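Let's start with one chain on its own, the form predicted alone, as structure tokens.
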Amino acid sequence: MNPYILATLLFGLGLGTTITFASSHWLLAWMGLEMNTLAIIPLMAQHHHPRAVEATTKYFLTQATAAAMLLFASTTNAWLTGQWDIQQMTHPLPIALITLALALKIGLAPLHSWLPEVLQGLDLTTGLILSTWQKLAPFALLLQIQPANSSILIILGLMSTLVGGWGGLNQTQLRKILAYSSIAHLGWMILVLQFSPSLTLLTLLTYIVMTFSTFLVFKLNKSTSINMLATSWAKAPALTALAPLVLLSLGGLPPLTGFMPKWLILQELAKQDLAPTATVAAMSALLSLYFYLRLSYAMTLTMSPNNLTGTTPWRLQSSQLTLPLAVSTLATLLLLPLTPATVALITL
């Protein structure tokens, strides 16, 4: 792609999200979301492959549906209450509609089925943008409306953690596994949204860091399916040793960064007398952990054929940037000791 066009599209992507962040009026927020969608569509379809075009079409249709629903709900809110202000949402009907529209935008279960299909059709770089940056603007709106319909959020959150766990069990394609992982993580964020918005923000931040390093590991190894992971030891031995830790951090195992948000969310849910909800969420994390363990096993404990093509790649110099990967991997593995400071910041 022409670098000027790429720069324009990335600028549009950033501007759309920034407009949504900065807006207090529903029309402006909707406009930011639309800019966001329109800027990523050419990036998704840049490889003229039928799978990419199909994924782009599916993405466009779902995002257009969600945006239309959002516009309809905000107009209904203005009609019922005379308010266009995002902070002044009082009527339960528009609040429920907007919550569902934003759930469709980010891919929460049961409105999730487009996400694995779309992610599977994209290359890893665009998939990374879709899994991280594209979640920011809808989350900014969800955090601002402070929904009064708590049961909707808890149902969406629990369904997402369960679907994100069940859906990924049978997959062999890495991008689909990452899509289900994304659905499960978003479920955790939504569960705690109404009780502690700052904790939701912290979870979103750690999820972005962990997903960033996971996508970059797969990009460096040029892996798109579980079978292709077996040759990764020959391409980057040191990284292959660290990759299972990154995956287990995504799963939320204790000595790693990914444990922090899960721990704090379970604590918050227990404080709110939602022990059954917390139990179901914790059990669903085991489902996700199973497929992360599968990936770890495929990467480190299986050897590819010991022939010349399998063993030479580590001698060849890679032209890919490794600094972002190094920084995000370190953050994914080693930030758990910062938990007390983080909790102090959250409770300010």
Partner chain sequence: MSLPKIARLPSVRLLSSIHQQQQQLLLPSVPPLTGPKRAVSQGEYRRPGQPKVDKFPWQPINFGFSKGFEGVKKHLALLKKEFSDRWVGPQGKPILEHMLEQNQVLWEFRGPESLEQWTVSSDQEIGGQSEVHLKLGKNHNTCLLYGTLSSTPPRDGETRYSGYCTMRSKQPLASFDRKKHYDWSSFNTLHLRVRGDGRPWMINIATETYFSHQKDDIYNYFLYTRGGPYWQDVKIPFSKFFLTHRGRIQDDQHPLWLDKVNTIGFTLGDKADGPFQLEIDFVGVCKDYAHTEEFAYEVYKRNPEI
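From a predicted model like this one, the values you see are computed outputs, not experimental measurements. Numbering follows the first chain given and starts at 1.
Missing here is the form predicted in complex with its partner chain; even so, the following discussion is about that form.
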Query raised in the report: in the model of the complex, does Asn170 have a heavy atom within 4.5 Å of its partner chain?
Result: yes
Report task. Tell me, yes or no, whether Lys105 is in contact with its partner chain in the model of the complex, where a contact means a heavy atom of each within 4.5 Å. Result -> no
Query raised in the report: Counting only non-hydrogen atoms and a 4.5 angstroms cut-off, does Asp85 reach its partner chain in the model of the complex?
Result: no
Requested in this report: May I ask you to state whether Asn227 is within 4.5 Å of its partner chain in the model of the complex, using heavy atom distances?
Outcome: yes
Report task. With its partner chain left out of view, choose which of Leu43, Leu289, Ala298, Met35 has a non-hydrogen atom within 4.5 angstroms of it in the model of the complex. Result -> Ala298
Report summary line: TL;DR on 276 to 284, 55 to 63, 317 to 325, 25 to 33: the one with heavy atoms within 4.5 Å of its partner chain in the model of the complex is 55 to 63
Query - in the model of the complex, residues of 116 to 132 near its partner chain [heavy atom within 4.5 Å] - result: Glu117, Gln120, Gly121
